[in-house]
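The chain below stands alone, shown as structure tokens; this is the form predicted alone.
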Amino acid sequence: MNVIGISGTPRKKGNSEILLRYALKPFENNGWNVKIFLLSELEIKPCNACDSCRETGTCVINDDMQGIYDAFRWCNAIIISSPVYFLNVSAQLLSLLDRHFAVDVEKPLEGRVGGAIAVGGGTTGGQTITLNAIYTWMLSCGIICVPGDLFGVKAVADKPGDILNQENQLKQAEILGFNILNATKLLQK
């Protein structure tokens, strides 16, 4: 079984990346193949709306998105984390979500299981909007969305590493991972 994690933060070792790694622990502990994509280390250009992919089935932009397309086809489950930037997902993650358009006709994620994590610097509701954006994208891809204890994982943290002092949020991320793992196993039966 295969799972991918996508960290939408441009900040290396940011809080949303840390929570993503905690969410992936159950998969690692159960012998799954785990691939993590750190957008802080990848180049994903925005979609240029050329529509060439509709004619050729291939995106004309040559960047790191090609490996993510392959991972979409490979995975059984997906977890996406993002920091909250102006009440929404990061620009880096938005580019990735938009670029899925190139393979949308193929439906590589249909029937997969997924979950989301959002971390913001305050409590003004940006986490909920960010989770909604990720889950809406997942639903449009045919992904079966799985919650943590309640919805996705929401956290408040500002400086890099702040989340490591929040045991409850770290546990919530692991619960999300377990729920996705269990749902994927049930669907495979």
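Just count from 1 along the sequence shown to find any residue number. From a predicted model like this one, the values you see are computed outputs, not experimental measurements.
What follows is about the form predicted in complex with a small molecule, which we do not show.
Contact annotation for residue 80: none of its heavy atoms lies within 4.5 Å of the small molecule in the model of the complex. Taking non-hydrogen atoms only, residue 120 approaches the small molecule to within 4.5 angstroms in the model of the complex. Taking the partner from elsewhere, residue 55 is found to have every heavy atom lying beyond 4.5 Å of the small molecule in the model of the complex.
By the criterion of a heavy atom within 4.5 Å, residue 177 is excluded from the residues contacting the small molecule in the model of the complex. Annotated contacts: 5, 39 and 98 are all free of the small molecule in the model of the complex [non-hydrogen atom within 4.5 angstroms]. Only one of 134 to 142, 62 to 70, 30 to 38, 153 to 161 places residue heavy atoms within 4.5 angstroms of the small molecule in the model of the complex, namely 153 to 161.
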